[in-house]
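One chain follows as structure tokens, the form predicted alone.
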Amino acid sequence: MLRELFTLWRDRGSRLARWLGQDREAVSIDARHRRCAAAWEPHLAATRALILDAARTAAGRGTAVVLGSGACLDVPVADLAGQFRQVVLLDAHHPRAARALASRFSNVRLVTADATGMVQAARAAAKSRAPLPCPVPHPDLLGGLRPDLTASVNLASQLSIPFYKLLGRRAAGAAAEAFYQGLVTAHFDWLASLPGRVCLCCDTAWERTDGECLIESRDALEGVALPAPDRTWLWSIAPRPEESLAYDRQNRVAGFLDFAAAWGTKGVD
């Protein structure tokens, strides 16, 4: 705990990161990764492989964009930097480790942004009970960039989480549920509209298990249904006793090599 507090003190995020709690979350992720590195590695390796396999099918070699880059544990930064003229890592908070890694490559750029574009609207709703946007508009994150590869990495299931605290009890009921679901849907719709190859890796369910017995399963995407993915795997995110002596926690993960094509055919028999 003292190590985590010291790390946070040394690496406070921007005002945006503090609003979203992303700097604190980054410290927690780093600490859990240290404790569970062996259990996490198959998931991290599968994510890196998905991104690189998608990158190989990109028609151009100009710009690669990674959304939700975080500490880059699951992002093959060096490989992407060797394949594309420019690599853009976008997140609400870039931890010290990510900044140090990016500094090694002259063609890697860090962009700090809210992946939903909804923080200001949500803060206004929290302060004045203004209505939440419905439908949630697509984010505008790339400032005119036309990427040859875009990868959304373990981000979609996290989009709504900071807003639970930001909005608190000020937003509840059907309007809040529609907003949270809209954040995920808008992200997917926006990804599918981008030029170039689009790769998606995201949690679809959060589970607690006891051996082969499933204790609890929760949807990770606010009820938004995905088409059939190219790959699936389990992320052993908190093997016992990380969270409890009574259960292990795992995430079900879906990977898409060409998300735009898959999302465009959803619901088609």
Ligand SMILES: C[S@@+](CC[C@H](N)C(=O)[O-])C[C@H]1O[C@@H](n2cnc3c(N)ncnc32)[C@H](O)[C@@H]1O
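Numbers follow the displayed sequence, beginning with 1. On a predicted model such as this, the values are computed, not experimentally measured, just so you know.
Just so it is clear, the following notes concern the form predicted in complex with the named molecule, a form of the same protein that is not shown.
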{"item": "Partner-proximal stretch of 125-133, 99-107, 142-150, 156-164 relative to the named molecule in the model of the complex, 4.5 angstroms, heavy atom", "value": "156-164"}
{"item": "In the model of the complex, the one of Ala121, Ala176, Leu191, Leu73 near the named molecule [non-hydrogen atom within 4.5 angstroms]", "value": "Leu73"}
{"item": "Sole residue of Ala205, Ile29, Ala37, Leu52 within 4.5 Å of the named molecule in the model of the complex, by heavy atom", "value": "Ile29"}
{"item": "is_contact(Pro229, the named molecule) in the model of the complex, heavy atom dist at most 4.5 Å", "value": "no"}
{"item": "Contact label in the model of the complex: Gly68 to the named molecule, heavy atom within 4.5 Å", "value": "yes"}
{"item": "In the model of the complex, Val184 touching the named molecule (heavy atom, 4.5 Å)", "value": "no"}
{"item": "Close approach of Ala81 to the named molecule in the model of the complex, 4.5 Å, heavy atom", "value": "no"}
{"item": "Partner contacts in the model of the complex for 242-262 (non-hydrogen atom within 4.5 angstroms of the named molecule)", "value": "none"}
